[in-house]
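Shown next as structure tokens: one chain only, the form predicted alone.
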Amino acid sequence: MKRFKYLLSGILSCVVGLSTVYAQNPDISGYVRNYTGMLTTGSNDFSIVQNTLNLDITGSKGNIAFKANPYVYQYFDKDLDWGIREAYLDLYVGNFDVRVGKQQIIWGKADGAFITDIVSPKDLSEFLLPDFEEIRMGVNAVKLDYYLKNNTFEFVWIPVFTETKLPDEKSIWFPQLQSQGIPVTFDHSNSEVDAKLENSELFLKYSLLSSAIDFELMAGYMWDDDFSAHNTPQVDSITNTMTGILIKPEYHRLGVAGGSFSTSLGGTILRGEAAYYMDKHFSTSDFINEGLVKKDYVHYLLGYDFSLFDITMSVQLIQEYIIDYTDQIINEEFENTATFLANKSFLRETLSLDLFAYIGLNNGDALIRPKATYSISDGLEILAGANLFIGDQGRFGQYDKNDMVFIKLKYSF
């Protein structure tokens, strides 16, 4: 598996090098950024001090084009993080486009939610706080698009599975477990998916772009990017009391089908998206059966975009539903979330004020994200904001002690 990944990395490096040579005058753009955040609770520790260099190298010749997106993150408290987010070649032949290499694949209509946008895995090492272009990871894939008037047929083959990147167990963003106060250990011996042809992933999408409606239909045979775990209690043989829980993560196959749409309604936009997952694994409290069960699962959203007093606004209602639910499943049968977005520009659009919020309707928790962005000069901007977690449990409330303020200084070139 590791050798195969190293081989792919080598191929991608060759793609980048050959593409740069092939295009005699490649275009280079990108940005440098400082991102400093400080916790507002406890001792006001810095939650992040990050310096970023992000490059986009593109070029074309004839019916071939390429893109490479290398990046470097430098932190004050950990090792340098660098890599290539995208590195691919495009080939244009008649009504066909073929893209080969490491790439981000974006599907769906949702804002701040992953429903049918599941081809590229997620980097959740800093929860949902980075920009989505940084959360969405590139995957080594072959993507084929066929265009027929307003219709597009898309095929994606991913030869090697890439899982969601989770926070380090010592990170402030590591999920808080329900078994608070009980030591938890991990056994990753079963979490590797071998790099074999039969373990590759396939996705199909049909999309229609028209003056009345945009919609997509998709299907996939894939690995769940998020692990499910066998949970085994550790019991003291003398006192017969629980001393800890052993969590054994695994990744499982599933099928998915869904779609999305957006349409204009008198100056407003109505959006919808849904996905049906078959045989998704869920953790349970049934330790005797190793704490796993397979259930079909539905994830769907309805959104509405509008403008009021020159303020651009958007609301979304999101629901997750586990079909044929049993009480032993740790997740709730229905998980309800709402989002709200408001944006207004001032000073000839050099100043932008934004508010985005996730609201967990089951537990009364929330993540509220106000920010202000000011364009100082051409290419130079400063952004100040906050991440405010409300509640004491749930998807957002578990991070109640991680309230933070932050500032970003970014120069784009």
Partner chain sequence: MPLILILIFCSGIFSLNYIEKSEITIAKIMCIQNDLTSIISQKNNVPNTKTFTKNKKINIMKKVKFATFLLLFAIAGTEISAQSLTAQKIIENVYYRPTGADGTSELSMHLIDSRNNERIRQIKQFSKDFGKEEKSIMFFMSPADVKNTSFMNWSYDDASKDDDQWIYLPALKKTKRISSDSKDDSFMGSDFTYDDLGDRHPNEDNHKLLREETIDGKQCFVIESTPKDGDYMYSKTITWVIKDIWIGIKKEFYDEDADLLKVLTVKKYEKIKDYWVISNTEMKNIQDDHTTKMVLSNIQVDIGIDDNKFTERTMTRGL
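This structure is a prediction, so every number in the text was calculated from the model and none was measured. Residue numbers count along the first chain shown, from 1. Rigid core (definition): largest C-alpha set, two forms, superposition within 1.5 Å.
Below, we turn to the form predicted together with the partner chain, even though it does not appear here.
Asks: Out of 250-258, 188-196, 127-135, 70-78, where are the residues with a heavy atom within 4.5 Å of the partner chain in the predicted bound form?
Replies: Of the options given, it is 127-135.
Asks: Contact with the partner chain in the predicted bound form for A113, defined as at least one heavy atom pair within 4.5 Å: yes or no?
Replies: Yes - in the predicted bound form, heavy atoms of A113 and the partner chain come within 4.5 Å of each other.
Asks: I'd like to know whether G220 contacts the partner chain in the predicted bound form, with contact meaning heavy atoms within 4.5 angstroms.
Replies: G220: no, not in contact with the partner chain in the predicted bound form.
Asks: When the contact criterion is heavy atoms within 4.5 Å, does S237 count as touching the partner chain in the predicted bound form?
Replies: Because no heavy atom of S237 falls inside 4.5 Å of the partner chain in the predicted bound form, the answer is no.
Asks: Taking the shortest heavy atom distance, is G391 within 4.5 Å of the partner chain in the predicted bound form?
Replies: It does not: once the partner chain is placed as it appears in the predicted bound form, G391 has no heavy atom within 4.5 Å of it.
Asks: Decide if the three candidate residues I106, S285 and F356 all line the partner chain in the predicted bound form, where lining means a heavy atom within 4.5 Å.
Replies: Yes.
Asks: Just to be sure I understand the contacts: of N362, T350, T41, N51, which is the one whose heavy atoms reach within 4.5 angstroms of the partner chain in the predicted bound form?
Replies: Contact check passes for T350.
Asks: Just to confirm, with a 4.5 Å cut-off on non-hydrogen atoms, which of L166, I84, V298, L89 contacts the partner chain in the predicted bound form?
Replies: It is L166 that has a heavy atom within 4.5 Å of the partner.
Asks: Output the sequence-ordered list of residues from 352-377 with at least one heavy atom within 4.5 Å of the partner chain in the predicted bound form.
Replies: S352, D354, F356, Y358, L367, R369, K371, S375, I376, S377 sit within 4.5 Å of the partner.
Asks: Would you say whether P233 is displaced between the shown form and the other one, judging by a C-alpha shift of 2 Å or more on the superposed rigid core?
Replies: Yes; P233 is a residue whose C-alpha shifts (by 2 Å or more) between the shown form and the other one when the cores are overlaid.
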